[in-house]
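There is one chain below, alone, in structure tokens, taken in the form predicted on its own.
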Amino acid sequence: MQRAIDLFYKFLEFLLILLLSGMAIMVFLNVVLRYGFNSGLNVSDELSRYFFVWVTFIGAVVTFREHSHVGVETLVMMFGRRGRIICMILSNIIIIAVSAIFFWGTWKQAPINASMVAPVTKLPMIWVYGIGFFTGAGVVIIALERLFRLLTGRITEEEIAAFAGEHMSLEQLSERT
């Protein structure tokens, strides 16, 4: 099962590479066309914006899995093991609540987005904003799994250290601020 999950995240990372590359190529091509030939591709502007939205929200799930989101390690480092576990539990409960609200908001907005189309590509806007389903559900599932392992005592010391920012060098910590 863990192998399948790892494979899924490798696929997501590959998808992020494709989206970011596509976005860079489209923007570069459009810049060359506009400055060199006084023309451009309207579809390029629209798709690069949508790719950016998808990169952001897919990346949020991948980043959450890797414990790479910005945290308040300075505060958490002050606590002992028990305090860190309590902070992890509270953090995951808040994350679950916020991500569930995000998913629910996407659900409520979906009929409107499904009925609207993009001006150039005529793509239904649900394909753009529907990424909220993936992000909301993905983060909730990861946080629920972490919360389950916290409450059953299956959390590893490495994960507690990662949550507290102890696995990072000073350079890595300074990059996150």
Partner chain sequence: EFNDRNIRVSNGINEDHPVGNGIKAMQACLDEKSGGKLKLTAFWGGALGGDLQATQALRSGVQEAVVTSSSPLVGIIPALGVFDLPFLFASPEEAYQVLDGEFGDMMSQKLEEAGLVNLGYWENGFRNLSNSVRPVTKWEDFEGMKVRVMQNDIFLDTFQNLGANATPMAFGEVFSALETNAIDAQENPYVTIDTSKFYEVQKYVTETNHAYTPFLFLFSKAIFDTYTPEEQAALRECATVGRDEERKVIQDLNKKSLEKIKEAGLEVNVLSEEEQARIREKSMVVYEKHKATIGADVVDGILAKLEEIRK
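Residue numbers count along the first chain shown, from 1. Since we're looking at a predicted model, the values are computed, not measured.
A second form of this protein, the form predicted in complex with its partner chain, is not displayed here; the remarks below concern that form.
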(message) Thr152 versus its partner chain, in the predicted complex: is there a non-hydrogen atom within 4.5 Å?
(response) no
(request) Please run the contact check for Tyr35 against its partner chain in the predicted complex: heavy atoms, 4.5 angstroms, yes or no? (result) yes
(request) Could you confirm whether Asp45 comes within 4.5 Å of its partner chain in the predicted complex, counting heavy atoms only? (result) yes
(request) Indicate whether its partner chain has at least one heavy atom within 4.5 Å of a heavy atom of Ile141 in the predicted complex. (result) no
(message) Need the contact residues for 112-136: heavy atom within 4.5 Å of its partner chain in the predicted complex, sequence order, or none if there are none.
(response) Ile112, Asn113, Ser115, Met116, Val117, Pro119, Val120, Lys122
